[in-house]
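In structure tokens, the next block holds one chain alone, the form predicted on its own.
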């Protein structure tokens, strides 16, 4: 069926974080939220139908997590990305970051170092610190908004206490999708230094240019040493239901991770999340394909907007994810006050650059996953604010 992603879904007063913050915590009217990483689109009809059908039985007791769930997940990733995933070597988790945290504990010791390229999703650093490990931050090389890993810098910073490399691909917030050649370089680097690879691949379904390649398939070393974290929640707008998947090809690592996940409780999935995931992976591929085209059009619209109307904001069209990474350091606004200025003067709520690293004051991340009218409103507000600060 044909889906209408221009249709506005009113999420106000539903405690949706994206909207709650701007409507309930700010004393500022009419703020357009283009920040947190979920989407303002209704989920697919099959997902809605599956949840309604399960609710018809008014008993919500303990539920078996049978093989069908990892099977539909494996089918999706094998069909779309040639993952070669074995459903018996996959498991469900309540969330990607819970899986990342469990992997950090399992494959390193307190005081060990975790290598994290930046700009980076802040919870990578938070989970490293909360597990009493040491984050080694390695700024990526940037040229005209195009970010690549700085292997020379990583070589300088690595030592014998470094045990894990955290890979985010597609990359949040820059929108990079690493090429196979880049992944081969990462694999060689990790093998040289005997690092486990924790791969956050939650945005795998959002690739516009190029092709997503799972690092776990690059060579025998990555097959034996990668913990890949995936999820339907980003792709199908289900973040509130708390479900994700973990793919491991090394049997010994898989059994160790499974035991840790059960021990800390992240393998316990609620019944509505199970139903939603099954309906997503089995019956919602047409919705996903249409969504991808819609967000790609949003991306192209925003790219033209920045190039023609806000050239002082340096951007690079993202290859993947649904984010635009904005370098606003030449906008005439004090970097430390940029995010607050966007909210108070621009009435648009973006994700602050320093959330992705202290080096990124003056940057903002913009979420493209909204109906076009909402995105246009936010961009026009941003334009009005920025132009008011031009001298």
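Residue numbers count along the first chain shown, from 1. What you see is a predicted model; the values in this text were computed from it and never measured.
We do not show the form predicted together with a small molecule, though everything after this point is about it.
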Looking at 166 to 174, 81 to 89, 138 to 146, 287 to 295, which stretch has residues with any non-hydrogen atom within 4.5 Å of the small molecule in the model of the complex? 166 to 174
Just one of 234, 133, 299, 316 has a heavy atom within 4.5 angstroms of the small molecule in the model of the complex, so which one? 234
Have a look at 202, 247, 114, 103 for me and say which one sits with a heavy atom within 4.5 Å of the small molecule in the model of the complex. 202
Although the partner isn't part of this model, could you tell me whether residue 210 comes within 4.5 Å of the small molecule in the model of the complex, counting any heavy atom of the residue? no
Wondering, does residue 37 line up within 4.5 Å of the small molecule in the model of the complex on heavy atoms? yes
In the model of the complex, does residue 76 have a heavy atom within 4.5 Å of the small molecule? no
Give a yes/no on whether residue 97 approaches the small molecule to within 4.5 Å in the model of the complex, heavy atoms considered. yes
